[in-house]
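Only one chain is shown below, in structure tokens, and it's the form predicted on its own.
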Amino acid sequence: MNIAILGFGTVGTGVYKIIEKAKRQTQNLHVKHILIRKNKKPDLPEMTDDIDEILNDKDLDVVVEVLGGIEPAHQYILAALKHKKHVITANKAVIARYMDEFTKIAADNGVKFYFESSVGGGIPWIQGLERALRVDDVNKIQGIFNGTSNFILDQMKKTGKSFNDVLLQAQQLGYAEADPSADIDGLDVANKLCISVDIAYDIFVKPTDELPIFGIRNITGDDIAYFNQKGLTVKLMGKSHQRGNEFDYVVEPTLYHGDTLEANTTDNYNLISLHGETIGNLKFMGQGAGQLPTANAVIQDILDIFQHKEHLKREFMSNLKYRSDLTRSNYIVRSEIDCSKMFAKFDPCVRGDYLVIHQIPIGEMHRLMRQVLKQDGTAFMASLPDRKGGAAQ
């Protein structure tokens, strides 16, 4: 099976390394082309800066897109599918925005579009979700989808260091980009949650301003210390619930009691879970990022195509409706301003430097916090645990 790799950064290099080792079934795979940037000197004979050379190669079977970003990745994926090449991508940003288009074009041209590595890195999350959906309706998804934010929160708890100090450490280790906004502001989690919701509910959901997102940029060492005193650990979570013909989705810091799996997911690990009617709760834990774990998931998709293993077909025809206030939760808020009047309908009470808000709809909470942030750009909030020990639902 002949393969082209578009992009030769961290993941692209990992895919090449695994195939070149030629262990087990990867000995049937051959990297024929590697697309590099214009005017970059090729270091390997497979390298080219001509996308048309790749698209017009009649002997090419699979295109692996690991460029990242939206364009030109979007156009290259479409072109490859229209040239009847199977496409595999780890690019969650482009999938979250164009999954419906990619799925349709792939079907129209009799080829596959697979993306296991886009959510959860090396964790078989997409495969596990699809497998559950063969039998069950999935009515809840939640997870630590982002290894960078998890590393930051875990190191702040372990070392007592400030957010900025730990962020710098994450950048030095290669966990965080020079611009860490996507990780710490929850945008990366939003992309991965939308992809998961697309599959779970058979509905296409784009990441938009409508999605309630609150990241960890404003968390402080004092916040972490206070949570520790209460036996709580904070995680940046992506969550979705489905009830009847409605669903919601949210990205927000969430507190867990110390004996939960979420609280004990450390370093840059991910933990993603689903709930199905007959299977109950299933949790998937592992390396959510990194060169070889992510490349491993790409190779698994290539082998599925080689072995003619079908993935779950989604047509995005569900009649589910998004409702931001479907679910209620308790929250804790820290702000320099007195915001108790804003939350007056939800039994606010002061606990030290924090305001506790009771049983507020999630969408309403995020709408009100946007107002708080306009007056206090350093404000922070987190969802509180329910009485069962997990996150409030």
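Quick caveat, the model's predicted, so the values are computed rather than measured. The first residue of the sequence shown is number 1, and the count goes up from there.
Although it is not shown, the form predicted in complex with another copy of the chain is what the next lines describe.
Screening A107, L78, L312, L168 for any heavy atom within 4.5 Å of another copy of the chain in the model of the complex leaves a single hit, L312. In summary, among the residues I213, L292, V111, M99, the only one with a non-hydrogen atom within 4.5 Å of another copy of the chain in the model of the complex is L292. Heavy atoms of L133 reach within 4.5 Å of another copy of the chain in the model of the complex, making it an interface residue.
Contact check for T278: a heavy atom falls within 4.5 Å of another copy of the chain in the model of the complex. With a 4.5 Å cutoff on heavy atoms, F163 does not count as touching another copy of the chain in the model of the complex; it lies far away. Contact check for A225: no non-hydrogen atom falls within 4.5 Å of another copy of the chain in the model of the complex.
Contact annotation for the candidate site: K283, I299 and Q307 all lie close to another copy of the chain in the model of the complex (heavy atom within 4.5 Å).
Partner proximity in the model of the complex, defined as non-hydrogen atoms within 4.5 angstroms of another copy of the chain, places exactly one of 174 to 182, 115 to 123, 80 to 88, 187 to 195 at the interface: 115 to 123.
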